[in-house]
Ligand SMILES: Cc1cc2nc3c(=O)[nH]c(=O)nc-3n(C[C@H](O)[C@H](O)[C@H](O)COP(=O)(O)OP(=O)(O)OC[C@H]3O[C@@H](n4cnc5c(N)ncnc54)[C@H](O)[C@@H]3O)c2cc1C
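Next up: a single chain in C-alpha cells, the form predicted on its own.
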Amino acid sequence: MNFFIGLMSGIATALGYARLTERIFSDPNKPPWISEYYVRSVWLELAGLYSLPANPPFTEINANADIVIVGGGLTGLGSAYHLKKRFPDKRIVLLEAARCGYGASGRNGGILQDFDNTLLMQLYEKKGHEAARRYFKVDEQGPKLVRTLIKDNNIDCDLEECGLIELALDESDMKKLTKYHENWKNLGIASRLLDQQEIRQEIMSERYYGGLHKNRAAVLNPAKFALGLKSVLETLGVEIFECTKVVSIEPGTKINVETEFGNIIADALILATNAYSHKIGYFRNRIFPIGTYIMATQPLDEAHMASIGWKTREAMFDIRPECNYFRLTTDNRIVIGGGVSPYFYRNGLSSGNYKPSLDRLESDFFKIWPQLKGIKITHRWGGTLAMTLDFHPTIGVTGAKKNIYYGVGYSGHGVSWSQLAGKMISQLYAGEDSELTRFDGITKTPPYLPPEPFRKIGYHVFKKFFL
C-alpha cells in the first residue's frame, strides 16, 4: 500500500513538474500547430505550386521497393536523382507528407554559396590550413552539383550568377572580414575588401561599415529548383507520392514504412526529413529545429531601384550569427531573411507566421533602406531549419542493419549541402570508397543535446552570451 501511494505521489509530482516547465518555457507568441496547408512564400507562388495538382497519396498495402525515401525536399529529391541515375532498374519510392519543395526547400533565401565561411574559418583557426583546404575541397562541390543538375536537365529556376558580399556593421566586424580575406587568400580563394564608402555606393545604405566581396555565389528560386527536380525524377521513373504522412518506421533487414493509408517494405530507407526527423523518432537529441523567417517586397520600379543602387545585384549578409541576408529576384523584389531565430520548447516546429521575428525583420529592412519607406511588403513567411550544436551537417548511415541513410543538419546551408548529401548517400548505398565517403562530415554523429528544460535554457544562454 505504501509503495502504491509513493508511486502515485511520484507520478503526480512528475506531471506537475512537466506542466510547470511547459508553462514557464512555452512561447505565448508561437501560433498553435493545428495544420499548415498554405504558406505565403514568394518562391512557392512564383513556382506555381498552388495551381499544380498534388500527386496522389500512397495507398498500397504490403508493397515492396528497393529504396524508400521519406521527404520530398531537396535532400530527398537529390538522393533520388543520384540513386536512380546509378541504379535505373531499382524501384525507388519517395513519400512526401505535404508537397515536394513545401518545407525548408521552398522557403529559404535561395542563395547558393561555394562554402560555409563560419565552418571554414573555424577549421582554419583550430586545425590549420590543410584541414580547412580539405573541407573547402568537399564543400565547394555542392554548388557545382546544383549548377550541373540545372544545366544538364534544363531546369528553369531563375539561376543568376551574382557574387556575394559579407557585411560589417562596425570596426570590429571589419577586422574579422580582414582576417577572413587573409585566410581565404592562403586557401586560394579570391576576395576583395570594400571600405565604408564603397559599400555605401554599392547599396546606398548607411548601416554598414564595410564588406568582403567574393565572386563564387549565385541566387535561384529554390521552389522552382525543387519542382524542376521532381519533374526530372518522374521522367526517370521514380515514384513520387504526396500528401502521404509516414507514421512509423520499423527497422530491420527489411524496413517496414507505415503511412496513414498503407505500408511499404524496403531494403533501404533514406531519411530526408531534416528538421522534422524527430517527429518519426530520429535525431531527437541531436538536432535543434530552429524557426527562421523571410519577407519579400513588391517588385521595385526604376525610381526605387535607383534609390538603392545595387546595380551589380550581389547577394549579401552581415556577419552576425543571427544575421540579416538579402538578395534581389528576377523581377526586382528584395527578399530579406534572418534576424531573430527562436527555438520552441520540446523541439516545437515553427509555422510560417511568428509575429515577433517577422516584425523585427521588417524593422531591420527599413533600417537598411529608410528611403524605401512606404513600399509594400507582399509576402511574410517562415519555417523550420535543422541546426546541430557544432553547426556541421551530418550525412551517414544508421540502423542495426546499416540500411537507413540520412542527410540532416545543414544549419542554413541546405541549397547546396542537400545536393551534396544526395550524392554522398548514393555512394554510401553503393559501397563506394571515395573522397566523399571518407570525408569526416559524412560519418560523424552530431553532438548530444541535453533534455528539456536544459535545452531551452541552454539555447537562450548561448544566444545571450555567445551570439
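When you see a residue number, it is the position in the sequence shown, counting from 1. Because the structure is a prediction, the values reported are computed rather than measured.
A second form of this protein, the form predicted together with this ligand, is not displayed here; the remarks below concern that form.
The closest non-hydrogen atom of residue 99 lies within 4.5 Å of this ligand in the predicted bound form. Using a 4.5 angstroms threshold between heavy atoms, residue 274 counts as touching this ligand in the predicted bound form. The closest heavy atom approach of residue 316 to this ligand in the predicted bound form falls outside 4.5 Å. Although the partner is absent from this view, residue 244 contacts this ligand in the predicted bound form, with a non-hydrogen atom inside 4.5 angstroms.
For this ligand in the predicted bound form, the listed stretch (183-191, 169-177, 288-296, 85-93) containing residues with heavy atoms inside 4.5 Å is 288-296. The three residues 72, 111 and 383 all sit with a heavy atom within 4.5 Å of this ligand in the predicted bound form. Residue-level contacts in the predicted bound form: of 104, 268, 165, 334, one residue has a heavy atom within 4.5 Å of this ligand, and it is 104. With the partner removed from view, the residue among 124, 208, 325, 282 that has a non-hydrogen atom within 4.5 Å of this ligand in the predicted bound form turns out to be 325.
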